[in-house]
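We begin with a single chain expressed as structure tokens, specifically the form predicted alone.
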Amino acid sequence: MKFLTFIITLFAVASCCDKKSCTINKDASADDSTVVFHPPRSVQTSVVRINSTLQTWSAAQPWDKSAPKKRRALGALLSDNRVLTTAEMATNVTYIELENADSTRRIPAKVIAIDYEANLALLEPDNGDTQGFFKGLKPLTLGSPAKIGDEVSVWQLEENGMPLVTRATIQGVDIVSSFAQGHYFLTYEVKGSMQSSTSSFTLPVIRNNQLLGLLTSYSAKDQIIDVMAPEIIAAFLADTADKKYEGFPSLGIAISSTVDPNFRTWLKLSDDVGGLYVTRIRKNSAAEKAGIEKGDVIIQIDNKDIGRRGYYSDANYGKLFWSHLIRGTHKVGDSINLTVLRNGDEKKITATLARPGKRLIASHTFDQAPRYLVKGGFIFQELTATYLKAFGKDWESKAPLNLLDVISSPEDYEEGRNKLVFLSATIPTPATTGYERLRNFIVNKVNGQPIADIPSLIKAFQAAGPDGLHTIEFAHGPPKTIFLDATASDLVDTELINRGIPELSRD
């Protein structure tokens, strides 16, 4: 593809590595008291290496992809030649393969189920001699939940196939977001000092010779290993049994704590009651259908008292955040019982849990190509959280304020829209002269037609006004309205194709 020399790069999509997204730190030092070598077959017969090639779509140039990246990890071998790994290993993959422990056999693989929110993926061979590849291997079985103080083992493989096993101890349990931000699941916090090794992007964690969970991150500084809990893995695997994966349920609310004493007085909450204040209810959610209202205070879920900060007492783990009662103990279609206070009066509500409905602003767009339109040099896109996060680590302060407002208050923009379309950039062309600095403007109408999404935008541009001009109206200004010469923009579109843009739209 020819490079578009006149496109100004708006920003660089950078990847960062922190506790929640990075695994083995190359500078991590090993403690001889915690790292032991086991006989080779104790590890080699139950794990396989996973090699992935990944490519993400460019936020600045949505018709193009970023440079490919490679990842290498260990997956847990399950029954029926299935391999369990994290979603991070299988998201946006262009190629994925399985490799045995001593690197003598490889076989292409495919993703049969993936959950970006829980950070889990299930693979199986795509083709080839599966019997030859799995000959002599022994699947792991998923173990029961552990408790604080239990010892576990983290399995690694050196490049030469030598197994490396790290003993570690569970020191806490929490609800953690490990991949798709804003989605929290039960996670063990394990103390252990690990060595740098190959295939270590994610690793199986073993207890009593059974699979306990998967390592999702490791902090070399604190020597803390995050491990996805077996309850979450069990629910994921059960959902994959019918080959129609649904995902984890949602109630569909946004909440805030009730710690502030003045706020509690206004809500008419007594000192012996905790509670979570419902700040927003998503359209067509389980909460909306059940009759939960904005302003309600949830004080119980399935007879569990909810504290002022949203925690309840779990019989196995102690204090856990309330979301585990929804996503960690139930599946789609289950009913839950809630007790709420509405204007000081107690009400009992039963809700049937469902998957989250489509949002105005998608929280993630993994494995999805962005929808866009290039017209005369204007680049229009549908706003996503992925686009905003491309502004870097501090995107919540660096991204445009008007677009951040959509993220924080989507209900103010939902009417008449399926997705929010905005002008993301302007390529300097003869058709955009004078508008070169325009970017990050929310589109309301084009040629008098309301814009609900990219398909409606494409349709609106199909016919210009009687004066031969396209009229573009923004939600805010200045400028509130701009004009695009239809003939000039058509000529520019042809030139953009000649200069290297493969497609002017994706709908």
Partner chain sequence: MIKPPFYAALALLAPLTAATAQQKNPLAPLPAQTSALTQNNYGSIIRIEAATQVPDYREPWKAGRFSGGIGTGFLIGHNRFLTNAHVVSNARRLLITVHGSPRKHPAKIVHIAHDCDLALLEVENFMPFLGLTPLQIGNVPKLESQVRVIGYPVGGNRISVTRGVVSRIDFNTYSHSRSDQHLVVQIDAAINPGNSGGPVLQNGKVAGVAFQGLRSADNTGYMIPTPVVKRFLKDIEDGHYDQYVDLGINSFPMFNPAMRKKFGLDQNSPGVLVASVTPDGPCDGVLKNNDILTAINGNAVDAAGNILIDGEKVNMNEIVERKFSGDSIQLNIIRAGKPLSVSCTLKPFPPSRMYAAQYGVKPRFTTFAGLVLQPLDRNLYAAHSFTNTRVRRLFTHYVDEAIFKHRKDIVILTRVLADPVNTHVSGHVGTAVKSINGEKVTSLEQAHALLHPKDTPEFFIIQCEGIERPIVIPGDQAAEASQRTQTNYGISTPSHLDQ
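Basically, rigid core = biggest C-alpha set you can superpose within 1.5 Å across the two forms. Numbering follows the first chain given and starts at 1. Because the structure is predicted, anything quoted here is derived from the model rather than measured.
The protein also exists as the form predicted together with the partner chain; that form is not presented, and the subsequent description refers to it.
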The one option of P479, P450, P455, P68 with any heavy atom within 4.5 Å of the partner chain in the predicted bound form is P479
Between the options F236, Y277, Y116, F201, which residue brings a heavy atom to within 4.5 Å of the partner chain in the predicted bound form? Y277
So which stretch, 407-415, 93-101, 344-352, 69-77, is the one near the partner chain in the predicted bound form (non-hydrogen atoms, 4.5 Å)? 407-415
Quick one: does L164 come within 4.5 Å of the partner chain in the predicted bound form, counting heavy atoms only? no
Does L469 make contact with the partner chain in the predicted bound form, using a 4.5 Å heavy atom cut-off? yes
Consider N262 of the chain shown here, and say whether it contacts the partner chain in the predicted bound form, taking contact as heavy atoms within 4.5 Å. yes
Does G392 reach the partner chain in the predicted bound form, with heavy atoms at most 4.5 Å apart? yes
Is there a C-alpha shift of 2 Å or more at G275 between this form and the one not shown once the rigid core is superposed? yes
Would you tell me if L403 moves between this form and the one not shown by 2 Å or more at its C-alpha, with the rigid core held superposed? no
Rigid core aligned, does the Cα position of P261 differ by 2 Å or more between this form and the one not shown? yes
